[in-house]
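As a starting point, one isolated chain is supplied in structure tokens, in the form predicted on its own.
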Amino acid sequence: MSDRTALMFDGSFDGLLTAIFEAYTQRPMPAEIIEPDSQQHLGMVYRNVRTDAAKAARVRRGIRTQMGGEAYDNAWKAFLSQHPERGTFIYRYVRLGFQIKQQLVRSLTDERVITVNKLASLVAREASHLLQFVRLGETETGVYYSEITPTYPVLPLIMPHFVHRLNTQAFVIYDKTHKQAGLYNGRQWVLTDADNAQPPAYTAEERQYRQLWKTFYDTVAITERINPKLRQQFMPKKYWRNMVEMTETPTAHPALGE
């Protein structure tokens, strides 16, 4: 193996951690860790790495124990950015971390740390916004439902918040952008692929509540003080399509047969 070698993982986080583990078994270590659909370069030798849960767990544990939980969270969030070079960025970040240990998160002038922190920040910001802007509604099945259209696949980051908030109430949050659903049955939650998911209809009472909330929101607005730029600063327009108060009608979803 030479420094013109790259490892290729399957696109999962465990796959990336497995590739990082494999990188440490080679001398010299590979230059990059990429995904199958990444751009390949002339003269580079590519080797596929099969995901191994045990090896991924060892790297995960090593990051947490040697670099700290914050470093692990940064790597995980940077992975959720879906940046085409995320594998290599996180690989270089982790390599530095194994060298300087707990100093990693304080090395704010190192380009490897800056890059991962920037990606992690973008993902964390979107997750924070969605904690404020997700609108769950009661459906005829008794399950609460919300649809979101985020830039990044942040369901793993926001689900624990709503599990804690709703306690024993079953709910579904559907990420329409990434065709993924977070399901909670009142005891535990899971993520699942959900292509072309069709949400159940809202109850009549839920539709009434939405009408009341929309009416209230419109009524309390002071026309002379409306500031579109300020509103978009605190409530980005990209989230309006899924917010009751910003929709044209209180029914909010044409697929519900309203």
Partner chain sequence: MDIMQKLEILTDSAKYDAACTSSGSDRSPVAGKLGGTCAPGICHSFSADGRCISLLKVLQSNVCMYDCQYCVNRRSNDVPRASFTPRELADLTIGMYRRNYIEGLFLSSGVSGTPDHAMEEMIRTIRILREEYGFRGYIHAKAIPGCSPEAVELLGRLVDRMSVNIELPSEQGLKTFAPAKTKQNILAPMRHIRDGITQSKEELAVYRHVPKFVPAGQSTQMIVGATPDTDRQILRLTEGLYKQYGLKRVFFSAYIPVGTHALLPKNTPPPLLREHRLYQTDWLLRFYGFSVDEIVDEEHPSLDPFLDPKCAWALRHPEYFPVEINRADKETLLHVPGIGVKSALRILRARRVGALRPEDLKKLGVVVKRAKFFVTCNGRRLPDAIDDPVIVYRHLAELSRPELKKAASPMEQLTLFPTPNLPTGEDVMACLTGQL
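Positions refer to the first chain, counted from 1. Just so it is clear, the structure is predicted and the values come from calculations on it, not from any experiment.
There is another form of the same protein, the form predicted in complex with the partner chain; it is not shown, and what comes next is about it.
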Quick check for you: of 128-136, 148-156, 175-183, 79-87, which stretch puts a non-hydrogen atom within 4.5 Å of the partner chain in the predicted complex?
128-136
State the residue from 65, 40, 26, 208 whose non-hydrogen atoms include one within 4.5 Å of the partner chain in the predicted complex.
208
Would you kindly say which of 212, 191, 45, 57 lies with a heavy atom within 4.5 Å of the partner chain in the predicted complex?
212
So in the predicted complex, does any heavy atom of residue 195 sit within 4.5 Å of the partner chain?
no
Residue 111, heavy atom within 4.5 angstroms of the partner chain in the predicted complex
yes
At 4.5 Å between heavy atoms, is residue 72 in contact with the partner chain in the predicted complex?
no
Looking at the partner-bound form in the predicted complex, is residue 124 within 4.5 Å of the partner chain by any heavy atom?
no
Across 81-110, which residues bring a heavy atom to within 4.5 Å of the partner chain in the predicted complex?
103, 105, 106, 107, 108, 109
